[in-house]
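Single chain ahead, written as structure tokens, the form predicted on its own.
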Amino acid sequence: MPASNFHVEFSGVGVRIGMATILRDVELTVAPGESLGLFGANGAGKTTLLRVVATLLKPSGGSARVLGVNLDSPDRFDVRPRLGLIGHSPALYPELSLLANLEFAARVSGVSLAAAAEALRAVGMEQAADRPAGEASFGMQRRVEFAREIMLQPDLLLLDEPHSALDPSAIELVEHIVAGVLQRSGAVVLVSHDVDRVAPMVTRTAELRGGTIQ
């Protein structure tokens, strides 16, 4: 099969969990250099769609390709090092310090440990480097997740309500991270309920309604 020109290419994608149909006949493409704002009411399936793109949930039907890899293939997990995901809850190890969390991600990804400290400084968290993540506020943990994406430079960044519980200066970090991905010809999918806040960061928008994109 020829290589896809899209970072995300879904055709007729559906997801069923138990007896419930969460997504149905989703048609979606996201090209390099593109930032997609995905909107919809609670329960519309936005987070489920992000989880499929992130290879955390396998589609029940349809054709889905992410970064050129078919999500039905055994190779689907190979794209994970090229993905960045910031979800509803911070994905940090609570017993590790904020810096140690970044250093762990650096080791796994083959990035220098110096880059971890640099990224922490970039988000204004160097003074809290030794604080255990489990003792840090939600906003501090969110900043560390931003630092991780600055450090790892993903080709495809997935953001699920990234502005939640952020102060104004941290909100600017979201814009900075999105701009950096696009400058590298990466792509971004940003889920939000706040159309006005997201509008400056996206190149186009789509609405998920009733499990399908309108």
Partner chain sequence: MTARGRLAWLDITAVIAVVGALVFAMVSPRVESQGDSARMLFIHVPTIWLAYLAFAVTFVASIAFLVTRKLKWDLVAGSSAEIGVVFTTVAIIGGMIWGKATWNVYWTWDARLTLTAVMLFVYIGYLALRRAIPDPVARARRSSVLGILGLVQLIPVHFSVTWWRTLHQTNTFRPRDIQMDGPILAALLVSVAAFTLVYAALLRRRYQLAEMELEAHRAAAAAEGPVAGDAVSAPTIGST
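Numbering follows the first chain given and starts at 1. Predicted, not measured: the structure shown is a model, and the values here were computed from it.
Not on display, but discussed next: the form predicted in complex with its partner chain.
When its partner chain is considered in the predicted complex, residue 21 lines it closely, a heavy atom lying within 4.5 Å.
Contact check for residue 43: a non-hydrogen atom falls within 4.5 Å of its partner chain in the predicted complex. In the predicted complex, its partner chain stays beyond 4.5 Å of every heavy atom belonging to residue 184. Taking a 4.5 Å heavy atom cutoff to its partner chain in the predicted complex, the one contacting residue in 56 to 72 is 58.
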